[in-house]
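The form predicted alone is given below as one chain in structure tokens.
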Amino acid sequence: MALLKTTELSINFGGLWAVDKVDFEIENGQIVGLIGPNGSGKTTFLNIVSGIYKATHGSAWLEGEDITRLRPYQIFQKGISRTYQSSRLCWDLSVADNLLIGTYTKQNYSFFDTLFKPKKVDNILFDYMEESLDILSYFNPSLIDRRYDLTKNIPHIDRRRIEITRALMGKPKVLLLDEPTAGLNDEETMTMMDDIRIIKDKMQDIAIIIIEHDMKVMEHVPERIVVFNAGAKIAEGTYKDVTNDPAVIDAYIGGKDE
């Protein structure tokens, strides 16, 4: 059984099929890349899987359970976490506060505890903080010393790392990364590629779906590539397979003459 599976997953916006009958599978420990022209349906596909959009047709399954109609927080609790192309960090909060946001649905204390058992709440939050800083240290140990700095004062690549760490605090079975290298220079992009490999090494069972326009990332990080065009899946295979596929060359790279 696939860890995450979609069957004819589709969504229609005013007569336009933004995602059109997409069948997709990913197993434990796999990294799958999604590529395609702008507007081809990649991010919309992740938005359906994570519950932000509701599918018009088809279904999504996580470990054999239908999650198609669940709300985003329920899907997060089931084991799908994500980052976004545009930052969702709270820039006027500290690094530590942003990390703790990722534990919100996991926090097992009540309003009563907050008022009358503050020591219990402090201990729970301390444990979460320790765990999040441990994950953050995988990427950049010096960030631990900056945990009380405002996030807006943190370099861009480290903000990306904070977002990924926050997503990992939900202990996901599937991690969705939407253009994690957006806004990074070439050197930082190579560093982010190493960071994604670190996640794979440290959390071997986690499955990762990554959207990227940088072909260096797609060539070296995912084990399999899925290509979207006009909302439909047009090719699937290794990087070499899909970049030599005539349909991909025509739709994505720009045509044989180019």
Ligand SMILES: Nc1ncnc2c1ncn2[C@@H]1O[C@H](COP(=O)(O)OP(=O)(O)OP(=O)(O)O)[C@@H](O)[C@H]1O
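A residue's number is simply how far along the shown sequence it sits, counting from 1. Quick caveat, the model's predicted, so the values are computed rather than measured.
The same protein also has a form predicted in complex with the named molecule, omitted here; what follows describes it.
*Asks:* Using the partner position in the predicted bound form, report whether H213 sits within 4.5 Å of the named molecule, counting heavy atoms only.
*Replies:* Although the named molecule is absent here, H213 would touch it in the predicted bound form, with heavy atoms inside 4.5 Å.
*Asks:* How about Y53: is it within 4.5 Å of the named molecule in the predicted bound form, going by heavy atoms?
*Replies:* Flag for Y53 set to yes.
*Asks:* Is G29 a contact residue for the named molecule in the predicted bound form, using a 4.5 Å heavy atom cut-off?
*Replies:* G29: no contact with the named molecule in the predicted bound form.
*Asks:* Taking the shortest heavy atom distance, is G41 within 4.5 Å of the named molecule in the predicted bound form?
*Replies:* Yes, contact at 4.5 Å.
*Asks:* Tell me, please, which stretch of 186-194, 201-209, 42-50, 219-227 lies within 4.5 angstroms of the named molecule in the predicted bound form when heavy atoms are compared?
*Replies:* Answer to the contact question: 42-50.
*Asks:* Within 4.5 Å of the named molecule in the predicted bound form: all of S10, G33 and Y84, by heavy atom?
*Replies:* Not a single residue of the candidate spot has a heavy atom within 4.5 Å of the named molecule in the predicted bound form.
*Asks:* Quick check on this chain: which one of D158, D97, E179, E131 has a heavy atom within 4.5 Å of the named molecule in the predicted bound form?
*Replies:* Contact check passes for E179.
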